[in-house]
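For this one, two forms of the same chain are given in structure tokens, first as structure 1 and then as structure 2.
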Structure 1
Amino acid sequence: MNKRIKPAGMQKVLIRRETISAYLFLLPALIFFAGFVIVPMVMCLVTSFFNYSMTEFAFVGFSNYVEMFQDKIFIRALMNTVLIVVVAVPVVTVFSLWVSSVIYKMNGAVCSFFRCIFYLPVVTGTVAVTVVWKWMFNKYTGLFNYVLGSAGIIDSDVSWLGDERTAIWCIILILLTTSVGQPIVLYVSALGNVDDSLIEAAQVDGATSRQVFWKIKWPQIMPTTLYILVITTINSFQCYALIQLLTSGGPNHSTETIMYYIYYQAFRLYRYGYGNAMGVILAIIIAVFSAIQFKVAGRKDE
């Protein structure tokens, strides 16, 4: 007689088959992820302990890391990067939340119009956006000098990108305008999914608009806020294209960032080991900032 498979055994067989099928479908993506993410990360960590250049590959231990924290340009780049993150992340988050709170209850066409306007810099090419901003900051023909100079607020020949006092703030301003599009779209969606019955019940009980926001809306959009904080932090730490296209780290390293300095050391001076060491430190810093955000947001969500 043929042995019948018990229901529990049949369930295990079906689960095993489904698991195998799922991993087979995921296999191409897993191979791509391993080949272009995991392997480069491991190679970056390993080669950071070597004097790795076009002509040399010698083990130097922690020498690259020691040199890094004695490098005044790296320290300046680290300070500039932290400044960008500290300014950009809260401003992007608060501004995006404010705009979304204003437009999410508007008519569908009006809300879509505003979302399109704010999201346009995101889908526009970085080079095109940067060219426009470079013209606006131009010392002789720029829009800022023309408008502010005509109004008598400033001299008409201010070099916005050529002055150490203003260059980094110009970079931050451009980064802000290109970073608010996605958070606004996400916040509008999150606010639209808040349960209206809870809001109506709170208003019936006499809750003010501020109380409704902090007690009902805010807890429900916390996961979206956490995602926006983490993504904006990572993007701010990885600020590179604006620096490359506008200032190349100048003047006098006032706009130097870690990402641009990694590029300069690895692909201009061919010091791959030193550049990889800075990449490892940058990854650790991003991980620490993200962990802090998860911890703080987790406490507020309790």
Structure 2
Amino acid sequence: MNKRIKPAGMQKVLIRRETISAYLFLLPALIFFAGFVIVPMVMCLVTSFFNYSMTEFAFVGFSNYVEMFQDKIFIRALMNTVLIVVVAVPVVTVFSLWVSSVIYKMNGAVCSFFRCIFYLPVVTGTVAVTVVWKWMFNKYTGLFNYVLGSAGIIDSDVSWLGDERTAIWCIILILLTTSVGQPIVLYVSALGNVDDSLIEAAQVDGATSRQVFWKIKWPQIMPTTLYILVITTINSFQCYALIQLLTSGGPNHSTETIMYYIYYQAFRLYRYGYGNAMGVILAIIIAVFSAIQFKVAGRKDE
């Protein structure tokens, strides 16, 4: 190329040079991202239209999707998952907002001490946390039966994880303890960033602390609340490890979640296509929930 370089041309050359060097910097990240996130995502979507197993691979159109909504266990799993989300998301949000509003004004060391404690179950790791809870829920040697029995709340030992009525609530309880850590960190930081001069001005005008909270702090921490709602929703929808380690979906499918059922179909029955179709539906449901939260929270903002 033997172009005369005019200012505009110069600009073009510069942009091209910037673009090339930028992509060279991006290349390593892009290779990993494209190879191990984008490719499997596309494969997930495509194979959801196939009867895909160890031995078969045949296009079946929407039949995986149709089958899903006639599959009683899937419907049960969907209901359980929604129950987990509907209980866990508000409780986690309110709980962490309350804890944060109590601790964020404390002096630095005390505040980070409490923040650490509530974060501990996350760091400890799902497996370690779950096995100890499993022991505490144990019918014969667990703490729960002993403590509640001594306090006279229950008459006979309860098989917490083996009873259809209690199992899912045990799962939700553990999920709550492992979910509040991150929201508390976020809320503490968001509340700390609220403009102090606004609060002081309101106090001078005689606002009560309740008014200060709802009229000044709440709108300012709204983006954080929204983010917390979305991540908690995503995490609760994907509840899997607790189920696998505690109940394997039982008793009588009462703790079956979508994620667990996907795992069961794909890695026990080797029905990859069917599993992927459920995965696509799960992703869509999560997207819809997030969109609703954006709408609702966004409106309150104004």
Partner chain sequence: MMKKIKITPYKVISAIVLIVLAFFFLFPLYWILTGSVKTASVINDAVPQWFPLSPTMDNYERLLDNPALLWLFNSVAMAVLSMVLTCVTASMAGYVLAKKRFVGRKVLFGIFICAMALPKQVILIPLLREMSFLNLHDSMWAVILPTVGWPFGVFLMKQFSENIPGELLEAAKIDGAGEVRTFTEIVLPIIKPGIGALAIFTFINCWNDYFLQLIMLNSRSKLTISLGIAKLQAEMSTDFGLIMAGAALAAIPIITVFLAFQKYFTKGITMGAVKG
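Given the structure is predicted, the values throughout are model-derived calculations rather than measurements. Take the two forms, superpose them, and find the largest set of C-alpha atoms that agree within 1.5 Å; that set is the rigid core. Just so we're on the same page, residue numbers count up from 1 along structure 1's sequence.
By the stated condition, namely the form predicted in complex with the partner chain, the second structure is the one that fits.
Core-superposed comparison between structures 1 and 2: the Cα of A287 travels less than 2 Å.
Once the core is aligned between structures 1 and 2, the alpha carbon position of A22 differs by 3.6 Å; this is the C-alpha shift at that site.
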